[in-house]
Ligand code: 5GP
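Form predicted on its own, single chain, as structure tokens, below.
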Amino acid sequence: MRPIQDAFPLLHSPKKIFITTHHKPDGDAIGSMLGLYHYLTKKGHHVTPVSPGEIPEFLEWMPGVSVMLNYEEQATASLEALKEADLIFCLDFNDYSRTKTLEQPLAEATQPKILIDHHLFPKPYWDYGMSLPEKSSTCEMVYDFILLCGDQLLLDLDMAACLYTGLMTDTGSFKFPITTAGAHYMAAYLKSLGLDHTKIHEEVYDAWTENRMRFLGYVLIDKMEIMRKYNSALITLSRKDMNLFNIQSGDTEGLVNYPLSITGIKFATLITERSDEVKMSFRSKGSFDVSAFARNYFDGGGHFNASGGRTKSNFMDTIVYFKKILSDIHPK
């Protein structure tokens, strides 16, 4: 993969550009995609942002959502945009498989592909890119990309709102260890543009439905298991659990973080039963590397303190297997 600066000549004249991100997108995924969309559009390019699936309700306020395509619902239009594109930007994922049903079309596309991502061990698919695991978020990297292009003065409130959203969510509101001085400098500059950070925080974190709040109570009372012997906690959610509360996309966002607020808990896991697989989210505090854990046992990966995985095994077998692993490795 060549440095992203080598792709700059490709952007000197107006292009048709296709941007996508990972399936089940979060604030960083949608924020980076729409932030880049606004920037490239302002530069005169024709840009089509495509999400591999639906986005959480708490992100539907973001500037640019109305022009974004949902591949699962608008496959024909999405594939047409991919076919006609001169360039493809892939944001916040390091493997085509993270896009689910968009994996094969992306793999078969022959246009130059540009990666902007902060996850470990990217696959060797991309022609150009930035792959920096030390960065707090892909939104911070899109901000850096705009600065590398010499266009800091083009940043406006729409870009700021999108990029701040991913910066805020992927740093845990600036509390995670990955939060660097650079992340704070970025936030300060976006604030200088007139960004209302309080409104963004409210849109993301204070727009719950009553149903989602009651679901959280149910999870913490009935579905969270504390394993003091291993400094760990486990939340397990079956399809029956989620149907009970009519859980929507994004309603499980952040659940895995709650156990880490308990004194002594260093490792938290959320196991969720999906229609086609069992998905896992891992979070840790301190020296336990959940990225290595996810890679070694659950075909996953991510960051040192925040990663995910998946398996085709059934839900109950996955729980049993996870507990056996836990007893073997005994996280500190």
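All values derive from a computational prediction rather than experimental measurement. Don't overthink the numbering: it's just position in the shown sequence, from 1.
Unshown form predicted in complex with the ligand; subsequent notes refer to it.
A heavy atom within 4.5 Å of the ligand in the predicted bound form is found for one listed residue only; from 272, 307, 284, 48, this is 307. The ligand in the predicted bound form comes within 4.5 Å of no heavy atom belonging to residue 57. Among heavy atoms of residue 301, some come within 4.5 Å of the ligand in the predicted bound form. The ligand is not shown here, and in the predicted bound form it never comes within 4.5 Å of any heavy atom of residue 135.
Proximity of residue 113 to the ligand in the predicted bound form falls outside the 4.5 Å heavy atom cutoff. The stretch from 259-267, 49-57, 34-42, 273-281 that comes within 4.5 Å of the ligand in the predicted bound form, counting heavy atoms only, is 273-281. The partner is not shown here, but in the predicted bound form the stretch 75-105 reaches within 4.5 angstroms of the ligand through a heavy atom at 98 alone.
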